[in-house]
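In structure tokens, one chain follows: the form predicted alone.
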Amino acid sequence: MDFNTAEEMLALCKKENKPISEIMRLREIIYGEDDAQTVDARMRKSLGIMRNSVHKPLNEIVRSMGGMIGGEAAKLEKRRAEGKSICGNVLTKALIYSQAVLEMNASMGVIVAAPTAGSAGVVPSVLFALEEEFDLSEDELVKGLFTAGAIGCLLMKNASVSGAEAGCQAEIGSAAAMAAAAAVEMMGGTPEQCLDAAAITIGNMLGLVCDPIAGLVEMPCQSRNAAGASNALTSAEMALAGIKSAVPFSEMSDAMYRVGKGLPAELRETALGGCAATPTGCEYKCKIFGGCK
């Protein structure tokens, strides 16, 4: 049940007549040397942590360690509750939840890195927004997590999920691709459509730099999680409609990696370029860490 490429994974789906989620689940059982009950319990534990991270910041507003974020999710929720949202239920909830997880992370709360702490808001925000809007079961969300994990596995094997190695496209972009594929399977799509959604997502975020202000996973990381969630839902909708990615997933992930390696060091999590190097970004750094004249 192991696979190294998207093509190998699709071949397994066809051979076994199973969705991506079940192929990934069986891979974990066989190669992780755990029984099915243990693997399922581990995934449900991750889902529980994710659920807490999207909801807790709405009721207990906390400031981040750097003081740049805190309370954004609650502001969005207030606007939604007042009926003022312009984005519709699914997208608005995804935006709210993506902000909440980054607030939880930046205040030293417990989150699930999916695939990283800086991109941890994308996958859960999409999963729980869809759960609430379409009355999905926990079993369906767990399947979504397995599918997201399969895409993350492919990207780690063939590209990168590290901002320091390949820019924010490798963090938020990978998380969004994972979420897009999960959304497609949860909404009844095929394995091929899952990969189309993931490929479209990566293409939409190709070239995104990693430039955390003051070197902290706060801004622009938080707002980019919202962008990633939006991108994931957009790509999933396109794939479910039968729109295919112009470039296959394997080629798109390879392109993402090559673009990332081509980015200068200033744009790969060093906080020396982009937003971090703006006058305001530098002011934040001085305010937080001091030592500036």
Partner chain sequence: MAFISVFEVIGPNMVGPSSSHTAGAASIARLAWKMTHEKIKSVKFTLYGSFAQTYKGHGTDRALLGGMMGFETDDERIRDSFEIAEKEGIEFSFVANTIETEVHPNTVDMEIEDVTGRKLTVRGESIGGGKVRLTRINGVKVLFTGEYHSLIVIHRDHPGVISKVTSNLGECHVNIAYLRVYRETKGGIAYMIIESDEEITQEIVDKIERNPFVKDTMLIKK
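Residue numbers count along the first chain shown, from 1. For clarity, every value in this text was computed on a predicted model and none was experimentally measured.
The discussion below concerns the form predicted in complex with the partner chain, not included here.
Q: Just to confirm the contact call: exactly one of 149-157, 131-139, 84-92, 200-208 touches the partner chain in the model of the complex at a 4.5 Å heavy atom cutoff, so which is it?
A: That would be 149-157.
Q: Of I243, M65, I61, A246, which one comes within 4.5 Å of the partner chain in the model of the complex, counting heavy atoms only?
A: Exactly one listed residue reaches within 4.5 Å, namely M65.
Q: May I ask you to check whether E237 falls inside a 4.5 Å heavy atom distance of the partner chain in the model of the complex?
A: Output for E237 is no: heavy atoms all beyond 4.5 Å of the partner chain.
Q: Using 4.5 Å between non-hydrogen atoms, is M187 touching the partner chain in the model of the complex?
A: Contact with the partner chain, no.
Q: Applying a 4.5 Å heavy atom distance criterion, does K45 contact the partner chain in the model of the complex?
A: Because a heavy atom of K45 falls inside 4.5 Å of the partner chain in the model of the complex, the answer is yes.
Q: Is there any non-hydrogen atom of A106 lying within 4.5 Å of the partner chain in the model of the complex?
A: Yes, A106 lies within 4.5 Å of the partner chain in the model of the complex.
Q: Taking A166, M219 and K287 together, does each of them reach the partner chain in the model of the complex with some heavy atom inside 4.5 Å?
A: No: no residue has a heavy atom within 4.5 Å of the partner.
Q: Going by heavy atoms, what in 115-140 lies within 4.5 angstroms of the partner chain in the model of the complex?
A: Stretch hits, in order: P115, A117.
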